[in-house]
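Just the one chain here, laid out as structure tokens, in the form predicted alone.
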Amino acid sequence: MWDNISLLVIAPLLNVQLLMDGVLIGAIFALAAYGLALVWGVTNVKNLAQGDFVIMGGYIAYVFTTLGIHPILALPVAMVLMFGFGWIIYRLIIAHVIERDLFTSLLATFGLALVIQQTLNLIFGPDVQIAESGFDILFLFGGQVTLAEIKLVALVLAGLLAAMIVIFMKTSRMGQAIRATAQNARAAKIMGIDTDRVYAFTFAMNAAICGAAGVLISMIWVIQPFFGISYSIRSFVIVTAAGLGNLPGVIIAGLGLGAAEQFSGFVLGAEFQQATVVGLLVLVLMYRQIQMRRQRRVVS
């Protein structure tokens, strides 16, 4: 570990490499986390199948590559298919647990995650896959820093999708209904908003966002039916750290998590990269708990 730290000091461009990779990857983490923030803020459902939705989007891109179609063209298809899948899942499962206690919704979405994992395993097998993008590698600073073009493309596409979501939420009637329901569902219902339809649309839109994130991830990293849990944890870390409805916070937390993963993977080793994510989740939860205790003392 100390040798790796000293290497970061001796070779400053290595820090640039890790930071750049972390920021580019973190943008995709932020995209998936924003979908979770929407569902969490509007329906109060903590979706433990969030990462598995991401993996489903990745496999849609992989299927495109097997058909000889460039995986980037799978982006709109994955969003449409995952939107429909999300709507169906809401009607079959989420609608029946949305008014229940927290444990029931967690159990339902955890069961959904297991079903998705096993289904993908039966269809595609347990081997890791990647959607080959065919993009080149850029060499910077005399070849000392490398940058995959697909990461730049993914950053641009993630930014465009985030901008489209923000515009939709602020200008469309459904977006305004979603924001009204998130603020006060009972008042929104009294004002004539079909809150059940809003819940269904929000959950479906989250699935579409995850599908888009999965397409981008499958062109950068490998995918596997049981990799969804890692993306679920990342999303929970980002949303918990940023707070619900805080898009700038989600973006900052996503970029920060991506950078933290890259540096921890280099310093501690790749086997501890996921442990870093779990550790950050524990630290964020502890910090939130301390904040809540301070607020209780002030109120009392």
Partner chain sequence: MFQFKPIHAAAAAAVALSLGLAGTADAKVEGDTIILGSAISLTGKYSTNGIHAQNGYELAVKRINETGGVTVGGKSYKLKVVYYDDESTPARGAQLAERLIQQDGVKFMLGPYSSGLTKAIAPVTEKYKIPMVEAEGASRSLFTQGYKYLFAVLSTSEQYLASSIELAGEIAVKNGKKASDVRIAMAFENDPFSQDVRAGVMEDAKKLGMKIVIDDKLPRDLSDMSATLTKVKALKPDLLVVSGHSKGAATAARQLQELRIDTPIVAMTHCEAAQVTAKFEGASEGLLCPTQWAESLSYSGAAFGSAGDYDKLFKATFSGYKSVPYQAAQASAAVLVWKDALERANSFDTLKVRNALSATDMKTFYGGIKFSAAGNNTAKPMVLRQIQSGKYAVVAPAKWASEKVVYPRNPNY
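Numbering follows the first chain given and starts at 1. Bear in mind the structure is a predicted one, so any value in this text is a computation, not a measurement.
Just so you know, the form predicted in complex with its partner chain exists too; it's not on screen, but the next bit is about it.
Colleague: Out of the stretches listed (189 to 197, 152 to 160, 216 to 224, 173 to 181), which one is close to its partner chain in the predicted complex, meaning heavy atoms within 4.5 Å?
Modeller: Only one stretch qualifies here: 216 to 224.
Colleague: So in the predicted complex, is its partner chain close enough to residue 240 to count as touching (4.5 Å, heavy atoms)?
Modeller: No, residue 240 is distant from the partner.
Colleague: Might residue 265 be said to contact its partner chain in the predicted complex, defining contact as any heavy atom within 4.5 Å?
Modeller: Output for residue 265 is yes: heavy atoms within 4.5 Å of its partner chain.
Colleague: Residue-level contact is defined here as any heavy atom of the residue lying within 4.5 Å of its partner chain in the predicted complex; does residue 127 satisfy this criterion?
Modeller: Looking in the predicted complex, residue contacts with its partner chain include residue 127, since a heavy atom lies within 4.5 Å.
Colleague: Residue 249 versus its partner chain, in the predicted complex: is there a non-hydrogen atom within 4.5 Å?
Modeller: Judged by the heavy-atom cut-off of 4.5 Å, residue 249 is well away from its partner chain in the predicted complex.
Colleague: Considering only 14 to 41, what residues come within 4.5 Å of its partner chain in the predicted complex, judged by heavy atoms?
Modeller: Sequence-ordered list: 14, 17, 18, 21.
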